[in-house]
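The form predicted alone is given below as one chain in structure tokens.
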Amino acid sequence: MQKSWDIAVVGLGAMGSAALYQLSRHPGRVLGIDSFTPPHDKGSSHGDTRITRQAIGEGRQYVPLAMRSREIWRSLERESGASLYIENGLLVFAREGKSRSDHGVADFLDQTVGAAVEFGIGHELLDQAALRRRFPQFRYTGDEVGYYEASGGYLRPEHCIAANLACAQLNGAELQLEQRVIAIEPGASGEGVILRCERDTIKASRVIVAAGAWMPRFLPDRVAGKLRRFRQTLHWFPLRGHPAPYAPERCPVFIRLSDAHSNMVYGFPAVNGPDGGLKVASEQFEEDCDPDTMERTVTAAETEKIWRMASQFLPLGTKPLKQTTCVYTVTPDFGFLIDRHPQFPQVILASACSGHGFKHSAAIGEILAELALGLTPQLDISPFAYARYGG
């Protein structure tokens, strides 16, 4: 049976759930579709916490997204009653003059500082003495410099997605979960879109595709081949010693940038109490994966590797309390893809997060809704155009 909708959203992770919420605030029949039951642990938007910051080292083009997202998270908190955005501060530190490229940016710390200055974002620059005085929770080699942003902190991704979907449903949006979309095709007359699903055929006037790691299946081969999926591991280690200095009110979210001896390591305070440990992670961009078949179990070698990197500056026990995996979908320039499909303008595309997308997802959801409703986005999305990938 073919059902018809004004707008359908395929994929209800960070960006898709945010788009559905924004669409539900406007008149029209809106449907959200997901292969699983979000929030879930199969994609990119899970694991208790995600970093949020206003000054973005990956480039100034992301700062308006982060700033607008902060406003939307606060509004969604009021509407849903959920705690989503915790401002406990962000510390980025690195060995002076020894950082390597992170997220495709060679001078990540300098770019972060430049963005803060340009957009008037409150921040502090810390030398070695100031780092030791302000943040004695961390061990230092003696040549670090740091950037502290009081408005930074962390988001609760599962709570954010659940709040988006709950509010969207209260506003009249409908969901089809555990529903896999096999193909997306233009309507017979060139108008509208046909979604071939496992259980149904669905027709919509317009479609937003925010399929995360499954995005390549909906793109032309020449562009799909440029999106790489990388399996990442997340680890929660117990603390050695007194836990009080690592409580969220005393310990910021942190990013230790890479150098010749270690990859970038990021982490969070003890957001689930002293018995929950500290979540730490790094990133790898060497081995591609398929989200449908990738190994979900974290190996002993992966555990030891991250422990060795993180224990250089944190007092961590060796046996993790829990672990999980997630997927980064990465473009060649570590940028986003937010645009209309070049052949089918009634299809709007949103991918890939490239490992730094969740903090921007609320604003991206708003942009996707504006595009689907035929409105001009309030924020500039030209840096995220499809054409730069040769499609």
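Keep in mind it's a predicted model, so treat the numbers as computed, not measured. Sequential numbering from 1, following the sequence displayed.
Only in words, not in the display: the form predicted in complex with a small molecule, which the text now covers.
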**Message:** For a quick test of understanding: in the predicted bound form, does each of Ser35, Ile51 and Ala211 have a heavy atom within 4.5 Å of the small molecule?
**Reply:** yes
**Message:** Among the candidate stretches 137 to 145, 104 to 112, 179 to 187, 304 to 312, which one is within 4.5 Å of the small molecule in the predicted bound form when only heavy atoms are counted?
**Reply:** 179 to 187
**Complete:** Heavy atom within 4.5 Å of the small molecule in the predicted bound form, from candidates Gly357, Gly335, Gly365, Gly57, belongs to Gly357
**Prompt:** the small molecule isn't shown here, but in the predicted bound form which of Val330, Cys326, Ile348, Ala66 has a heavy atom within 4.5 Å of it?
**Reply:** Cys326
**Request:** Check whether His40 has any heavy atom within 4.5 Å of a heavy atom of the small molecule in the predicted bound form, and answer yes or no.
**Result:** yes
**Message:** When the contact criterion is heavy atoms within 4.5 Å, does Phe218 count as touching the small molecule in the predicted bound form?
**Reply:** yes
**Prompt:** Is the gap between Leu234 and the small molecule in the predicted bound form 4.5 Å or less for some heavy atom pair?
**Reply:** yes
**Asked** Could you tell me if Cys353 has a non-hydrogen atom within 4.5 Å of the small molecule in the predicted bound form?
**Response** yes
